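In structure tokens, one chain follows: the form predicted alone.
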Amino acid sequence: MNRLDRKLGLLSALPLTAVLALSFVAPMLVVAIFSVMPQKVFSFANMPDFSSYRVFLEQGYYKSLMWSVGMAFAATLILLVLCWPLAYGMAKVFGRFTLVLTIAVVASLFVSENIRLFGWVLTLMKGGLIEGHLRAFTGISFDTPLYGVPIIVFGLVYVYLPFMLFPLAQGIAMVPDDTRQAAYDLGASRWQVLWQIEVPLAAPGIVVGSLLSFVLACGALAESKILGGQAVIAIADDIETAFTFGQNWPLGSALSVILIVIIGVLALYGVGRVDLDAIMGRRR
């Protein structure tokens, strides 16, 4: 009986496996092969030479990678701190109001990311919504906060907040109220309950939310272009330039492979520390 169930399971998984192979594995394989081709070629009919990986080091593309990873890491930490109290309220306090809050957060995803970021540009630019009205009514003026690293990190936090908030709320909801109350009865302080009870038991939600936010932020492009004005070049911008204006597919592929490997290693490490059965409710 178990053997029959296993065969039926494999047969049922074949369509999805084929879709994943065609839509995910095949493009990744093409990118990986192109990454070892000579510079500025558009076919596989060449001997591999790994020159694009040397260009990555020699021409300073690693700096773009470091900026992207650093800003993504900073945004993820800020998101974790900002979303924890809100996620806690959604999971334990707000009750029916949680649905209203969820709809409000999800509704922001219905608007294009670029449109929302341009809205911030119009709000924060010199003579924009804030500075223009402030100068007109009070005579006070200030320099625009646009076109720098802090505003790029702000954009990452603003755009990817839902991807941290909802997994974190799910993780906090997994913390039993009885466990928290028992800790209080035994004399634990609020900070002890937070660090010794809530954070460890909510770790699956923390890891999933952090991974989603970090992975998406690492490959973000619009924030650095629209809000940052290219004060800092993100690795995604270099990849886009190599594939389009530079017409250097091997270089773009090499940069993509490096980014994918770094993100993949971090993602696999994080997923390996997550109890997926507990997240899906299959084990309590």
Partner chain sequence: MDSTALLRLRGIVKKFGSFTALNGIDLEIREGEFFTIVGPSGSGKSTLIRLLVGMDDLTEGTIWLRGERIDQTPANLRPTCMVFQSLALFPHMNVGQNIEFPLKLRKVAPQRRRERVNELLDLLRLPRSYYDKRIAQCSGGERQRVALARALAFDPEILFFDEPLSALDYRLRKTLEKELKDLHARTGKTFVYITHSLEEAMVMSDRIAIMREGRFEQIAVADEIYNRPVSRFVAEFMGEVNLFEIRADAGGTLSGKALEIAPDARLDALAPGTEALLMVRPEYLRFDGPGERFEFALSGTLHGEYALGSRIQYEIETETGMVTVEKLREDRVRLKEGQPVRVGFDAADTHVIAEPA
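Since this is a predicted model, take the numbers as computed values, not measurements. Residue numbers count along the first chain shown, from 1.
FYI, the form predicted together with its partner chain isn't displayed, but the following is about it.
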In the predicted bound form, residue 200 touching its partner chain (heavy atom, 4.5 Å): yes
Can residue 123 be called a contact residue for its partner chain in the predicted bound form at 4.5 Å between heavy atoms? no
4.5 Å heavy atom contact, residue 184 and its partner chain in the predicted bound form: yes
Should residue 117 be counted as a contact of its partner chain in the predicted bound form, where contact means heavy atoms within 4.5 Å? no
Tell me, which of 188, 80, 86, 130 has a heavy atom within 4.5 angstroms of its partner chain in the predicted bound form? 188
Options 152 to 160, 130 to 138, 100 to 108, 200 to 208; stretch whose heavy atom lies within 4.5 Å of its partner chain in the predicted bound form: 200 to 208
Using a 4.5 Å cut-off on heavy atoms, which residues of 158 to 181 contact its partner chain in the predicted bound form? 178, 179, 181
